[in-house]
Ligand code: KG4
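One chain follows as structure tokens, the form predicted on its own.
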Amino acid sequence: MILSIESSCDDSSIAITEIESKKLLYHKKISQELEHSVYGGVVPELASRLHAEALPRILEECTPYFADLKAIAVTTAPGLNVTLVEGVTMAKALSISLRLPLIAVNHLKGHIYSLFIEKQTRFPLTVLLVSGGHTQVIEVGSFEEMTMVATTMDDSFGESFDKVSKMMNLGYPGGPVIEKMAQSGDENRYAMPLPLSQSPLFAFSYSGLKNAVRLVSLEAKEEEYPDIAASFQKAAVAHLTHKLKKYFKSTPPKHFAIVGGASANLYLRQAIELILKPYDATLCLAKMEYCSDNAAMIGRVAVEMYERELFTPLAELVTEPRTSL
């Protein structure tokens, strides 16, 4: 078995994955949403302290599995350095005390493998990764062959939802709040700009759209918030589908996946399904409980790395500032 640890942002999580069957034997996650909601977003130092409290509590429940462990896996990049270090410190301590090898896992690769928790992999795959920190399109040929073909130039898709929610004092995390509020709003009430609509670049940008919402919300009454939320969500998703449709003309999709915390947005899922229909492409999605950050996806990547003997020496296990694969 492999014990995996995730602490890249504000979710403390540990999982136990059986190597041969890829079965998830144990998984627990403690969210910090309540503690950060009063600030309208994640406070890194607070998140680090909460990880230091939560991870040891979860680990206590994993002691029955210790005798069968073959490796310790941990997220090392990308993420908040002060929170990543909490997981890395625990992983090093377990490696020393249990005399087990370490596996350093890229968090973004974890999101891709959230599709295959307790399943066999299926490649090639075109992946749209949308989260609070990332908006990327990745062509995945295999475990070793992953190429990022597009990313955001500023804010991410998920981040823009958080910031729009904060503008209207609706709480954190903003994704679920905005999506729910938009259900009762008129998405055609406000004409929001479509970012990079005239640009030939295959890239994303949400700073301009976010600012347009800010200007509208400054003059709006509270009863108009659902219309703002719906209009914003329509434009935010339309930006993704607009760029993807152009990309599909040169690179027709066969198997397409949406991963990351924002992949739980049902409006986004429905919009992607529509643009995939002309290509008769398969839409792949992770289970809802595995869309956001979790150790189960880290463990699933770790199984692949264990089989390839991709271990990291203790002295070389450090957090990394990377923002991509």
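Every value quoted in this text rests on a predicted model; they were computed, and no experiment measured them. The first residue of the shown sequence is 1; numbering continues from there.
Beyond the structure shown, there is the form predicted together with the ligand, which is absent from this document and is the topic of what follows.
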message: in the model of the complex, does P176 come within 4.5 Å of the ligand, counting heavy atoms only?
response: yes
- prompt: Taking the shortest heavy atom distance, is I298 within 4.5 Å of the ligand in the model of the complex?
  reply: no
query: Heavy atom to heavy atom, is H107 within 4.5 Å of the ligand in the model of the complex?
result: yes
- prompt: Contact between E86 and the ligand in the model of the complex at 4.5 Å, heavy atoms?
  reply: no
statement: The stretch from 43-51, 273-281, 255-263, 56-64 that lies within 4.5 Å of the ligand in the model of the complex, judged by heavy atoms, is 255-263
statement: Those residues of 120-138 with a non-hydrogen atom no more than 4.5 Å from the ligand in the model of the complex are S131, G132, G133
